[in-house]
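Below you will find one chain, with nothing else, as structure tokens; this is the form predicted alone, and questions on how it binds or moves follow later.
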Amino acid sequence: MSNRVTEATVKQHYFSLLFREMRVLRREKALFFALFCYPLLVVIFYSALLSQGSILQVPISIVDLDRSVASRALIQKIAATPEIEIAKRDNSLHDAKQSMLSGEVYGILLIPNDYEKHLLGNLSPEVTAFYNNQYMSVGSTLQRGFTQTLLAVVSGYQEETMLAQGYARAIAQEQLSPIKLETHTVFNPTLNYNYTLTNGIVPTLLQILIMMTMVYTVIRDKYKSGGIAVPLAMANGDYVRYLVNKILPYFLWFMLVHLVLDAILILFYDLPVRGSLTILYVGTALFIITAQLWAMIFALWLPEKVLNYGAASSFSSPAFGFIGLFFPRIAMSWYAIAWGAVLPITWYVEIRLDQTIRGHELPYNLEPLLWLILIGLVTYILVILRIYLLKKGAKRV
């Protein structure tokens, strides 16, 4: 009995093109590394990079011009603040400014020479804090640390003064806080940067890898002898069968990479899952497929390899700036909002944050899911149209 593989056998087997793709993966070392090694390195590296979770011990300089008992007590309170580390003591504001400009410290606390005198005289002493807001996260951390500590110090002194004047403690506390304000940090009460940034940075980098590997494998067929007609013939001319075979091995691998990412964040960094894992992975599947279809558009519709790679990387690389983690999308210009709206990562990050730290239920997740479905449908139609034109030998490029 002959084991010879005939053309009819290839066309008859639904996954013959997929097996060919697997053989290509074994042969092409660059594709193998980009697909199997680099995504795992990204997941492990960035998860470990942000493992501390929040910003602590930001170095500052103290300029104490008063050198009194009261100023030393204030410095002790500042030193006890978890967000702040007193790294230097300068004799003048000029010296402290040089320390900040050189990057040794990110903030300065200036205590004036009449601090204790004004404090004891109940004359509202003025303490000045400077912080480097070029790095906005560091600046916000210092601002929070300075504000909380100084308010606590001032309230403490005012309460002691009123007690010395004969007020009961309960009355003194009531007069110091006539309006009680309760604030609650929701969704991420531990202010853990790992939960938010890793959920945004890693999928953004994975989107680039998903698109680059897809562009690589499609243009490999496109620019070979026979062009895209050869793999299409292996799929018996069936467009859907061609797409399934071409996309499936990469789709399954990137689903596994996302599972590894979530396992690391949940098991090792206690990422909460307040929503539904089912919705999360439906969103993950839609995200990967839409990114793959976008890549196929750049690979099939544009001429020349440099344009195929250049357009795909230009489209996906700046994505992190448009997803709204650092700058809210509501404050962006219309073209930034439009660019973000057509990027799969924008809606996928919404789904990830909703199903992990926010805990949104399905009705509130419909919008990002529907956007991913819409992007998928439009890109699918464009890919099918281009394959149809290529099959007919039309020259549209």
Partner chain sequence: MFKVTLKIFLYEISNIFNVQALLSILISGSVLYFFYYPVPYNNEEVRDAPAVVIDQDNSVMSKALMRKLDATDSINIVAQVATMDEAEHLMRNREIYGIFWIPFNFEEDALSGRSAAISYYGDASYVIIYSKITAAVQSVVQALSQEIGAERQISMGVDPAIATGNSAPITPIIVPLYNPQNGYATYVIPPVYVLIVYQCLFLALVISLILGRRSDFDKALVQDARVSPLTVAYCVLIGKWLAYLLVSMTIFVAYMGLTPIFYQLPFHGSIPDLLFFSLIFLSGTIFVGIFVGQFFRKFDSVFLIIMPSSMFLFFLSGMSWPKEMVPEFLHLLTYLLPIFPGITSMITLNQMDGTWVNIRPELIQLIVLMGVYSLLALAGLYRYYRHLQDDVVVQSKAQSRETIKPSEE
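Residue numbers count along the first chain shown, from 1. No experiment lies behind these values; they were computed from the predicted model shown.
Form predicted together with its partner chain: not shown, discussed below.
Among the residues Ala285, Ile266, Ile279, Leu209, the one placing a heavy atom within 4.5 Å of its partner chain in the predicted complex is Leu209. Contact with its partner chain in the predicted complex, defined as a heavy atom within 4.5 Å, holds for exactly one of Leu151, Ala79, Leu259, Val230, namely Leu151. The stretch from 251-259, 230-238, 287-295, 92-100 that comes within 4.5 Å of its partner chain in the predicted complex, counting heavy atoms only, is 92-100. Remark: Pro272 does not count among the residues lining its partner chain in the predicted complex, judged by a heavy atom distance of 4.5 Å or less. Although the partner is absent from this view, Leu302 stays clear of its partner chain in the predicted complex, with no non-hydrogen atom inside 4.5 angstroms.
Interface membership of Thr213, defined by any non-hydrogen atom within 4.5 Å of its partner chain in the predicted complex, is confirmed. At a distance threshold of 4.5 angstroms between non-hydrogen atoms, Val127 is in contact with its partner chain in the predicted complex. Contacts with its partner chain in the predicted complex, taken as any heavy atom within 4.5 Å, map within 330-355 to Ile330, Ala331, Met332, Ser333, Tyr335, Ala336, Trp339, Glu350, Leu353, Asp354.
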